[in-house]
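In the form predicted on its own, a lone chain appears below as structure tokens.
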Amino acid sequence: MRRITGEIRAKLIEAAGVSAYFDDEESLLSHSYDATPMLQAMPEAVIYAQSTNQVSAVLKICHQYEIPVYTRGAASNLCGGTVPVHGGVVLVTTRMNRLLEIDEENLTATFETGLTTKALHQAVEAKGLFYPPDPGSMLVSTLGGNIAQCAGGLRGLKYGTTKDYVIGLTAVLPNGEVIHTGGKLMKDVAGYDLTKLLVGSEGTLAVITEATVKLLPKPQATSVMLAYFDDMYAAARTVSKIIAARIIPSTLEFMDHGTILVVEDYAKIGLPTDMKAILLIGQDGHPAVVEEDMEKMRAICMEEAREIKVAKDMREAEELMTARRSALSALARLKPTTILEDATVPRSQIATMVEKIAEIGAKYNVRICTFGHAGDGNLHPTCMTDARDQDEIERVEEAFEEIFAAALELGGTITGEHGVGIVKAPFLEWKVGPAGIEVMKGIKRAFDPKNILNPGKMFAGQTRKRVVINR
């Protein structure tokens, strides 16, 4: 990789505009990290892109001179996906934030990828429409980041994740050429599905500048309840029973005892702190169907739960949902460094996995609480630690390595919605095997033969651990 010389700097300023180019120390430092703890590396320049053409112009220069480019939205990702580990340019998309169209005839929305997820939700819901993906970071995360990481959320069980809604993209290849994939079509089998390939590619194949997503009619009714359990396995059995009863709730979330304690201390909504597990269960749709499903799920829960609490109204329902969404914020209050991880197992293995996480935490003498999406088996073991305590950090690293191995042994995966980035790169081969890695590297070479887009991510040179600071 080459460095940005005076000549390259002048060309980048000409392409981006002087008001969009930054290389002062404060700008470089503030773009040297994302939401992933303990990962940091300094870029050489920061560019705030304002159009697809501008992105194209910048990439042509970087391609010519082999300058690394790291696309960044709100930098809320949790796998080190936007950390500029090889210097170069951080290309920020947050100024490209226009909602271009809501097409009520085709039920689609088209936007620039710097738009926040929450802004899209509010705009489409104002027209009685619905965009289901709802990552916990949706207040700040950009849709481009959601697409790059294939974000999930609390509604993943019933509605799927980001990849299930993206149907068209405008993307800039590493050499600066612009491609358009898909469109407003519900059916399109012309050639390889480049749209699906780019969703979840973590900024390693192209810079996605615009997207078209499909929308659904907004559900007419929503209902939420909490089920309190003395036994974690009873909560897990209840999840299986609900699915076996042919009910697909819109929300089926899990919090373990440790998470309940800190969420209640944070949100103060009356959660019983002596419970071993809580399920947050929601349903949406036609009012009659919602009522029928909620009654069936209430009856199933009563077989094993100590108590059921049904939200009286939308305000209380939103309060309960907010409590679950605040789990990470609540846990983050406990110690200076919070490491939120992401492992997925088959639904039938949730209780076993939660127990294994607790055993692993005890083995390494680190505090790990677990919450997550019980309905789709996606758990978030979260460790509260202190980056200044090197001995504890090493034990945390060993604990998470063992947690990823445990997830795979149970038929799961190393990440369900956060992506690979830097953090999971050493473990990707565990999941896909050597042949799978070679296929993926072949795809990367086809798109980016000079390896300028997000280098150092997805593929690890060798199995390695987190680094604290890499300047």
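All figures in this text were calculated on a predicted structure; none of them were measured in a lab. Numbers for residues come from their place in the sequence shown, where the first is 1.
The form predicted in complex with another copy of the chain exists for this protein as well; it is not shown, and the discussion that follows is about that form.
> Is there any non-hydrogen atom of Leu334 lying within 4.5 Å of another copy of the chain in the model of the complex?
Replying inline: The answer is no: Leu334 has no heavy atom within 4.5 Å of another copy of the chain.
>> Residue-level question: is His31 within 4.5 Å of another copy of the chain in the model of the complex, judged on heavy atoms?
In response: Taking the distances in the model of the complex, the answer for His31 is no, it never comes within 4.5 Å of another copy of the chain.
>> With a cut-off of 4.5 Å between heavy atoms, is Ala190 one of the residues that contacts another copy of the chain in the model of the complex?
In response: Within the cut-off, so yes.
>> Is Asp265 part of the interface with another copy of the chain in the model of the complex - any heavy atom within 4.5 Å?
In response: So Asp265 does not count as contacting another copy of the chain.
>> Give me the residue from Ala119, Leu197, Leu328, Ile308 that has a heavy atom within 4.5 Å of another copy of the chain in the model of the complex.
In response: In short, Leu197.
>> Counting any non-hydrogen atom inside 4.5 Å, which residue from Gly88, Gly361, Gly114, Gly153 sits next to another copy of the chain in the model of the complex?
In response: Of the listed residues, the single hit is Gly153.
>> Within 4.5 angstroms, counting heavy atoms, which one of the listed stretches 389-397, 352-360, 240-248, 313-321 is next to another copy of the chain in the model of the complex?
In response: After filtering at 4.5 Å, what remains is 240-248.
>> Check for me whether another copy of the chain, as it appears in the model of the complex, comes within 4.5 angstroms of all of Arg347, Ile414 and Ala435 - heavy atoms only.
In response: Checking in the model of the complex: Arg347, Ile414 and Ala435 are all within 4.5 Å of another copy of the chain.
> So which residues in 357-380, when you check another copy of the chain in the model of the complex, have a heavy atom no farther than 4.5 Å from it?
Replying inline: Heavy-atom contacts to another copy of the chain in the model of the complex: His373, Asp376, Asn378.
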